[in-house]
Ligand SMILES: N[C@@H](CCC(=O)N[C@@H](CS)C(=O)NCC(=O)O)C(=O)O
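Below, in structure tokens: the form predicted on its own, a single chain.
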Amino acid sequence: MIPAANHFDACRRRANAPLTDPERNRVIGAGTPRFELYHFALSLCSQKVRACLAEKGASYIAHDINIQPGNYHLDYIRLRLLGRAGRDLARGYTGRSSMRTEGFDPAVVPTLLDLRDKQVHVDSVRICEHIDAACDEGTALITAAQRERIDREIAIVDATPHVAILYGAHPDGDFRPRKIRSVMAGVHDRKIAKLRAALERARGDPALEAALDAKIDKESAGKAHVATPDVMRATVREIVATVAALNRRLDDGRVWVCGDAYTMADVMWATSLFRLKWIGMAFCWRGDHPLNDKPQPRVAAYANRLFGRPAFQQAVIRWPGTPTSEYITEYDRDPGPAET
């Protein structure tokens, strides 16, 4: 549902009131921005949206907000709730970020505002679809002829358990960047404590109370999920198998995942594969590793093509504030905060 314009504007003003740091709140691109994006540098779903905006050449207002490990700004949650549109609140945890299967999380990023239509969009997949349809700039990333193939590839990326491998260690060897290992120790407890404090501030607002209750349930489930050794082993095996399946689809020599044209599916795969490289899982295509001994050369070549795109470099690899990792030393980037 599209919120009434005056309610939209009021919620936007309240959410933006504390966002005053010019380095974290700025206009990207030229011209009058149509979009306003609330995101975080390392957030995978935020990276998908930034990469899409960059490919389209769209200008937007960017708010880089660090809502982890629990800086829950209630007016931002209120704004995000305008985009809920009847979706069930997420309470469980599978290590995935797909809103289609996991439900609506009120205290995450990204959130996109369409300032022309006064719309709030909260699902990264739907956000990217909206940007592609709404922008006259750039080449269309979703075409009718390729729609089914694009959707299948996007669904695969959306279902990959990226969140689990960020928050949880493999029990037979923690391959995550050293900084992340340190930051993630006890992160769920810290988040839950902040959520409970936010819940006390939200008393008297039934929508906020329900949203925060659900978020506490989700984080509690997440703590148990990533602390279960067999679950984490299965998570890594699943990702290795997903990359192997991608390698088989690339076997016909196609340049991009759906053929000769770069599409939205490639935007999604670029963020997925770069996250795997950043976190220490390039062994999924390099092989020669205790967790995967089989190289996947077509994925390796595909990843190099994806990472070399100027828009992806701008929006993800070299985005200010994205933390460094010992696995991406070939990129000359400044260190940023390690929280996600």
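What you see is a predicted model; the values in this text were computed from it and never measured. A residue's number is simply how far along the shown sequence it sits, counting from 1.
Only in words, not in the display: the form predicted together with the named molecule, which the text now covers.
The stretch in contact with the named molecule in the predicted complex, judged by heavy atoms within 4.5 Å, is 211 to 219, chosen from 238 to 246, 81 to 89, 134 to 142, 211 to 219. When the named molecule is considered in the predicted complex, V108 lines it closely, a heavy atom lying within 4.5 Å. Contact annotation: L44 falls within 4.5 Å of the named molecule in the predicted complex, judged by heavy atom distances.
Although the partner is absent here, F175 is not a contact residue: none of its heavy atoms lies within 4.5 angstroms of the named molecule in the predicted complex. For T263, no non-hydrogen atom is located within 4.5 Å of the named molecule in the predicted complex, even though that partner is not displayed.
No residue in the set F8, N25 and D64 has a non-hydrogen atom no more than 4.5 Å from the named molecule in the predicted complex. Of the residues in 160 to 197, those that come within 4.5 Å of the named molecule in the predicted complex through at least one heavy atom are, in sequence order, Y167, K191.
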